[in-house]
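Taking the form predicted on its own, here's one chain by itself in structure tokens.
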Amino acid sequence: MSLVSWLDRRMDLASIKRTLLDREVPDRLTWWHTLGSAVLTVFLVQVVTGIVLATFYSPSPEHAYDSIRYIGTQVGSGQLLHGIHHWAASAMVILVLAHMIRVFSMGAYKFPREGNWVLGAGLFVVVLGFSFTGYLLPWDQKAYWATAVGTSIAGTTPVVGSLLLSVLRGGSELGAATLSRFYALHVLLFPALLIGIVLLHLALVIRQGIAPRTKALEDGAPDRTTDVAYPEYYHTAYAETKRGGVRFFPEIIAKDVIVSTIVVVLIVLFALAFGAPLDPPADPTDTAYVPTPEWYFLPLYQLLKMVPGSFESVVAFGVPAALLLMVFALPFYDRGSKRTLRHRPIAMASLTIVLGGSAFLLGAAMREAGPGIPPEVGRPLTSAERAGRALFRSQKCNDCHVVMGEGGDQGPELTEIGLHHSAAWLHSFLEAPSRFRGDTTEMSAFGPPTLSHQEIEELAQYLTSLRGTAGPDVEPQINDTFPDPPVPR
């Protein structure tokens, strides 16, 4: 007896095959109906790459960044796997959004698919939760500060804001507890929720069938889906769509395989071409860093920048909450039987406003986004240089000195100072400028107690990074002249 026969006797494989593969589906289904299968495929890609990455990842502030670097440099194909995981996250958001827009445009959230729409909306929220929690795991500058902003926005929630902020961060500040909680959410809670939602979603799709073309459910339909005659009309009209239909296997599943393959190939190509971005390690003291969230959070981020400060908390909580409430409740207040989008002017206007507004805010945010590295340096800064840059700004050095065309003109320009002086010379000069220039300098001394020796060294390290437009291969022309030591009396 073959293995298949043995399993069939115990699991009734033939019945499972009839239910899953041999079922009839409506005729004239479009390529847009493949988006759901593409979402499932990308989720499986995330699961596989996530498991591999998790075996090398250490969820602690001391080791998280180094473990990501280790994956990229020491693990075979680690950089590619990390890149696939990164770009698949964006693909998941795009595909779930596109799938929801397709369902909305076809009115496929109406009777009898109200529950499936709610599950789909919940799936979208979980995917965003995946993205938000995974964002912190590399523990680099962008991850740290973007998460700080994101959790602060969550803290604006009325009544429970402070409690929610404390639960997310595990305290008042981002730290080891935050990283552990985000890691647990990302690899335990959200996968379990997503798997449960997907299984329920698929079960309902199999039970209710794939939504047919919109016109097939409009001719002769009662005005509203709440009409007592509508269920009978719907089931009769839906059965008619299957008369010229096809079987799920192989006709429909062939389209699913083609689209899913294209999506996976695109993700791999993006991973090969761009990899996964990684900023310098997180530095909680670098308050000058300007965080920018991932593109799918940029519309809200840009909207908050456009409203007065007194309304930030209202917009930060109110806009997402209102949109989610409208999306989840949609099948329960839109009870009209019309499904074609052009026959639903309010739905068409709402979709245009939401998508157009989001595109406008996304475009504005991307135009305003500065470079990921300091423009006056042209490369990521070390931790000492970042600390020095913060001191440069806090001590208002740019009030007197020009860097890259910005600043005051009372002192010499510093745009290319790193090409002419060493950190040792700059350190000595900052401590006591009068030793070098005598009474001709108006620059104040920054030696203790104004700044500590460590702070002066950090400031000197930052100044040596200023090289104008010179590339990394240009050798500095150092010509330091130190003053004679004072003669002891």
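In this text, residue numbers run from 1 along the sequence as written. In this text, the rigid core denotes the largest set of C-alpha atoms whose superposition between the two forms falls within 1.5 Å. Quick caveat, the model's predicted, so the values are computed rather than measured.
Keep in mind that the form predicted together with a small molecule is not shown, yet the notes after this line are about it.
Contact with the small molecule in the model of the complex, defined as a heavy atom within 4.5 Å, holds for exactly one of P412, P277, G356, P284, namely P412. This chain lacks the partner; the member of V42, L35, A64, L430 within 4.5 angstroms of the small molecule in the model of the complex by a non-hydrogen atom is L430. In the model of the complex, none of the heavy atoms of T156 sits within 4.5 Å of a heavy atom of the small molecule.
Heavy atoms of C397 reach within 4.5 Å of the small molecule in the model of the complex, making it an interface residue. Within 4.5 Å of some heavy atom of the small molecule in the model of the complex lies at least one heavy atom of F392. For Y57, no non-hydrogen atom is located within 4.5 Å of the small molecule in the model of the complex, even though that partner is not displayed.
Using a 4.5 Å heavy atom cutoff, none of S131, W139 and A148 lies near the small molecule in the model of the complex. Contact with the small molecule, judged by heavy atoms within 4.5 Å in the model of the complex, is confined among 298-306, 252-260, 211-219, 397-405 to 397-405.
With the core superposed, R224 shows a C-alpha displacement below 2 Å between the shown form and the other one.
Taking 2 Å as the criterion, G411 counts as shifted between the shown form and the other one: its C-alpha moves by at least this amount when the rigid core is aligned. Taking the rigid core as fixed, one finds a CA shift for S350 smaller than 2 Å between the shown form and the other one.
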